[in-house]
Structure formats: structure tokens, C-alpha cells
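Let us start with two forms of the same protein chain, each given on its own as C-alpha cells and named structure 1 and structure 2.
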Structure 1
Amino acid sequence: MKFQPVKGTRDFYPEQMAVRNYIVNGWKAASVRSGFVEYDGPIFEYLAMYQAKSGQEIAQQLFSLTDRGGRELAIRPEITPTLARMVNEKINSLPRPIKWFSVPRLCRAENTQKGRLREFFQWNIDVIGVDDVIADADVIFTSIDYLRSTGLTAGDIQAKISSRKLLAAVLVELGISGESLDAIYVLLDKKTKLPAETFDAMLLEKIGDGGVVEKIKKLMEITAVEQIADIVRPGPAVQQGLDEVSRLFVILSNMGIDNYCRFDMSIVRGLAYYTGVVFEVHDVTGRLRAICGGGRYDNLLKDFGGPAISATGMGMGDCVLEILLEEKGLLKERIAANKIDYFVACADERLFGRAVETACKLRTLGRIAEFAYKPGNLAKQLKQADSMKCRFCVIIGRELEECGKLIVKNMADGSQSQISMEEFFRGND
């Protein structure tokens, strides 16, 4: 019987593994640059933990199981609940601010489509314990800092930023009850995914007032903070939200990424637990799903049985990111192929031991070195070195061996030179 990979999963052959490592290593480097420290948790948790965050319907969106003890478990679809559990467990001993990052492997029982798989890797960064937009700005900066390091420019991507706090204040000012807000957030988050007529009809059904519906539709088109006043007269709550967003953009300008960022009230983020600044990073063409998204979630730790502590964070999956980097031609030029520093060849089979000794000494010195397991003629060994994309080929011959020398051949341009073994190893020390 021939087996195939499970739908929505990937096999990582060496070429694909190089891409994955490039992305993950870049995520980790960007996190460390911004002062985040790494954590991780178990690959499965109690199902109830995910239900506490996202409701009963989450059970159909993840892979769940019952263990031999009758416990209902789930393979993690995200790591934020694990973060909340871990922080709550040691909240009194953790220094503030808590700046953690993780790169978990996640699984979701999704319908697969471009940029969405059932198994994927996701970069998460979170700042806990800071009730100020400076933390939100730091999360956005770290996200853009990484994307910028891949070669993506402000002409390729944009961080669209809004505020759930500001949106709530405006909706209440328009006469929407606080109890209705969560349902409206979910609908507004689907605006770009629904036909205009369908969205309008659904919004009218929820609001019941055509005039208010028109104002909400105009609100979703706003791309400048000042335009809010054209929709509603700013009361104290609205003004507080406006001031907070304005200050955020000043900080982002100080951070040098304002050209990557713009205000966009259509960014809502459907999950109910967002409480303040929310953002998503998209390719400028809008053809792909969001590259990443996040925002402030000040109630999550409390909802998981901990104290009321401010928090903000972001998640970035590898699937959409890889598609964009590939389309922009930024992978081939930036992934250093697993190039071997030296291939040690011997022109005489009797020198095989010397070739092995030389290769392993180079490895001990920190160089990537290879040799033929079954030495053939020199031409075949040179061909093998070339196929393995080696930078240099070290050639050991009988006459050279007797005078303590070897040949170093540059595989890129074909040039070669003789050098004493002592000098060669000294240059690689």
C-alpha cells in the first residue's frame, strides 16, 4: 500500500526545509533583537482551555481526542491560551514587562486553500504587563522589522492599524448597545469576504436603522484619524480612542516604520477578546490573506483565572509569508544553499585516510567539510564536489603529501593554488 501525506500537511525535503529554517531563524532573530525571550508549551492541551477562549464551536475547528483516561484533549490550534496558562501559573514571580515569543507547530481542522493549511508554523510575540500603546508599537515594530529584513519594502506590504476601543466608542455613540458589539465585530471582520449586497443586508438586519448602517459603512472606509469627526461628534470615549491612536502613530514614526503603517478602520479582528489597538499586515495588492495580525487583549489572563493584566501580541504564519516571498523573488537570493565549505578529494586511493583526517579536522575547526565515502578517480570527486555546491575542493596527492602540501581549488571560478597543510589549517583556525 502506498501512503500519501495527510491533506493540508507538508513534507519538508531538504530544499523546503531550507526555506522553513530561513523563515523561522529570521523570526527568532527579530524577536531577540527586540528583547523578546523564547518559550514553548505542550503540543496538546485540555479541550476546555480552547473552549474557554473561543467558545464551543472551536471543537469543530481543531483536532481533538479522548485519551485512555477519558480526558478530552486537543492538538494546539494556537498558543495564546498556553501563554495565558503559563503566565498565570507564575505571575507573581515574572518580572514586568513580560516579553515572550514562540514558534509553535500548530494544527487546525480547516478547509485547505492558498495560504491556509491544516498544519503550519506560527511566530507569536506578546508583551504582558504594559497598559500603554508603546507596547503595541513594539509588537508592530518587531513584526515589520522582520518583514523588512526579508527584503519586503513599504511598496510590498502595509500594516493596517485600527483600534477596537475607538470602534466600540464610535458604535456606542451611534446608538449601538454594548451587548451587541461582539456580534457586530464578527460581521464587520467579514466585510471584505462577503459580496457587498450580502454584507449590507446582514448589517441592516443586525442594526435595524438604515441611517446608522450607512454611517458604519463610511466608518469602515476611513483611512485617516481625522475623518472620524465626519461620522460622529467625538465624545469623551471617542476622543480618548483618537488620542491613543494618534500617539501610537507618533511612536511608530519615531521607530522609523511609519511608511509601512496606515490607519484603516476596516481592520476589526473578529475575536471577541481584542480590547484596544488591532492590526494586520497585508501585501499591497490585497490578493493574499493577511500575513500577520494581532492586537491588545487586556482581559485574556483574567478570563483564564489570573489577574487583570494588560497584554498585546501578534501571530504570523509561515504559509502566506512563504507565498509572498516566493512571488517577490526573495527566497532564492536570500536562502544560503547548504553550501559545503570544503570537499576533500584524494588523487590516490591510498591517501583516503588522509582525506578523512583532513575533512574531520576541518569540521572540528567549525568548517562544513565533506569527502567521498568511496573514493574514485579525481574527476569523479570533483564532479561530486560541484554537484554538492562546495565552495572549495581540497585535493591531496601523493607528491603533495610528501612535501606537506595540498591544492585548494575555488569551485566558483576554477582557480587553484598550492598551500602547505600547516598554513591551510592555520587559516581555518
Structure 2
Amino acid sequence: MKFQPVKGTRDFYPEQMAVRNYIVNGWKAASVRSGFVEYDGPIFEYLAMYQAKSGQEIAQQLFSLTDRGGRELAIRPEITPTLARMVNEKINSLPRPIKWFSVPRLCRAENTQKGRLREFFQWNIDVIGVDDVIADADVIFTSIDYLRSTGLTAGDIQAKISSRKLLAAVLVELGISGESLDAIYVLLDKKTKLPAETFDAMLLEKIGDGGVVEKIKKLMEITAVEQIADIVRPGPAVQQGLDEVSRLFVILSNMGIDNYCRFDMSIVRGLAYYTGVVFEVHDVTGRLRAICGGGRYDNLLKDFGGPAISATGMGMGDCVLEILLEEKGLLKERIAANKIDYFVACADERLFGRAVETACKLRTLGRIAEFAYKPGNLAKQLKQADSMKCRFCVIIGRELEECGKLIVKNMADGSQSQISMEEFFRGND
């Protein structure tokens, strides 16, 4: 009986696992460098939790199940609801700011395509309890700091940054009612994914006024804060939004990542819950989906039964990132082969016990050590050591019986030397 993996999932053979570990370990290291601490939740939660608060698109992509006790559950499609639940539970005892990160495995029953699978890993960082763009800047810095550490340059990727607060102020200034904003965000977020005529027609249908539609389309093309004044006369709300964005860019410059960042009003983000700064990192060619995205969400904790505490965060999946790193040639050179320090070969069956002892002593001392399960044929063992990319080969043979010495062969240059067992272990202690 033969089985296949389920469509949209991946088998991580050692080679693929090394790539995943390289990515996940990089995420973790960048988080820790910036003072975030790790958390995680369960792989499944109550279905109602996701139906209530996830974006509509995500809610439609749930893998749901019913357990023996009749509980309706779902495999997590995102970790933000879990974060909100956990933070709310301990909100009074957690020191602020709460800077947390996680690298959850997530599942969404969506149509698989390039950069989109049904099971993936997503880096999440969030700063909770700070209602100031300094926290947004910290999140953007940490995202860029990671991407930069992989070898991606400002010529490869750009963070496009905008503000929902500013966008809302401009739209209201243009005469759009507060209630229709959410629906307009969803449409604006789809702009690049829809044919131009379709987008225009849908926008006109929503807005009604052709002049306003033209202004919104111009707004979406703005890449410098000063250009806002060409579209609306900034009232107090617009001015406040502008000031905030300007201050954000000053901080990003202090942080040394201004070359990776640009203002771009076309970044809207589909989810309803964003309320302030929003951003996405894209490859500069624009061929791929966003590498990551995030922003400020002021009402999330409250929506999950907690207090009204402001928060800002970012999510980055592994699929698009891996495609980009692979395309840029940044994976193979960076993923060091699984380096074995010592391969213990045994030239004489009678000495097998000594070979096993030597290998296990090395492991106990913290070295990565392997030995041949079958002693005797030295040529075969050296070949195995070579194929495993071992750094040194320790040969247990007649020299051990004759004068208590090992042969240590440097696999890189082929040189070898004799050394007493005692001296050898002293050097590895």
C-alpha cells in the first residue's frame, strides 16, 4: 500500500529541511537581536475564534474539524487571534511594551500556486502597548534587518510604507463617508491584482463620482508625502497623518534602513483591522507576491474581549521568501553542509570497540562524530567519510595496538598525523 503527501503540503527531506531551518533560524535570530521574545500557541483552536475575527478570505480557507467531544475546531490559519487571546489572558501581569515573536506552522485550504501552499511557516513579530510610530519603525527595522542578513540588498527589495490613518483622512476629505471606508480599502488593496478597467469600474460603482475616482487613482500613485497636497488641501486630520508618516521616515533613517524604505500610498492591506501605519516588502521587480506585510491594529485585543490597547506587527511567510532567495542565489552558498567534525574509521575488526568508544567520547565532548557501522575495509570507510563531508577522519588501526596512537587525517588537504589517544582527547576537551 503506497501513500502520497496531501496536495499543497511539503515533505522536508534533509536538503529542504536545511533550507527551512536556515530561514526559521534567521527569523529567530533577527527577532532576538531586536529584543523580541518567542511565544507559540496550539496548532488548533476553536473554529469560532477564527470565524469571528479573521479576514473574510482567511475564514473561508479554514481546515475545520470536530473532536470526539463535539468541539468545533480549526487548524490555525494565522496566529494573530491566538496572540490576542494569550495577551488578553495575562494583560495585567505582562510588562510593557510587549515585544513578542513566533514562527508558527499555519494551514489554509487555498488554491495552491507559486508562493502559496496549504501548509507554510510564517514569522510574526508584534509590539503591543505602544501607540507611537517608534514601535512601527521597530517592526519594520526588524523585518528589514532579517532580509538584509540573508544578503538581499536595497536593489532587491523595498518596503513600501503608507498609513491607513492618512488614507482615511484623505478619503474623508474627498467626501467619502466613514462607513464605506472598509469596503474601499478591500477594493484598493486589490488594485494590482485586477485588470485596470475592472478596478476603475468597481471603484466608480462604489464612489459614484468620476472626479473623486480620478483623485483616488492619483492618490494611489503617490510616493512622496508632499504630493498629497496636490490632491487635497490638508485639513487637521490629514496633517496629523502626514506628520506621523514624516516622523516614521526620520526614525527609519536613524535606524539606517532608509534605502530599503519608500512611501507608497498604494499599500492599503486588505484586512479590516489595520488602523495606522501599513507596509509591505516587495521584490523590486514586482513579479512575486509581497514578501511580508503588516501594520498597526488598534482594536484587535478589544475585539477578542480585552482592553483597547494599540499594537503593531508583521507577518512573513516562508514560501515567497524561499523563491526569492533561491532566484538570487542566496540559498546554496549560505546553507553550510551538515559538517561532521570527526569520522572514526576502524581498520581492524578486533579494534571495533575502541573505534566506537572514540566516536562516542567525542560526541560526549560536544563534537559531531560519526563512525562506520562496519569495520575492516578502510578504503570504503574513507569514501563514506568523504561523501559525508567530514572535516577529519580518525583511523583506529595497528598503530593503536603498537604505540597507542591514532591517525588523524585532514579531509580537506589529505594531510595526516599520528597522535596519542590521550593527547587527542585533551585537544578536544
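Rigid core here is just the name for the largest C-alpha set that superposes within 1.5 Å across the two forms. Numbers given to residues start at 1 and step along the sequence of structure 1. In this text the structure is predicted, and so the values were computed from the model without any measurement.
Peer 1: Does the form predicted in complex with another copy of the chain correspond to structure 1 or to structure 2?
Peer 2: That would be structure 2.
Peer 1: Please determine whether the C-alpha atom of Ser420 is displaced by 2 Å or more between structures 1 and 2 following superposition on the rigid core.
Peer 2: For Ser420, whose C-alpha is compared between structures 1 and 2 after core superposition, the shift is 2 Å or more.
Peer 1: At a 2 Å cut-off on C-alpha positions, does Glu401 qualify as shifted between structures 1 and 2 after fitting the rigid core?
Peer 2: Glu401: C-alpha displaced by 2 Å or more between structures 1 and 2.
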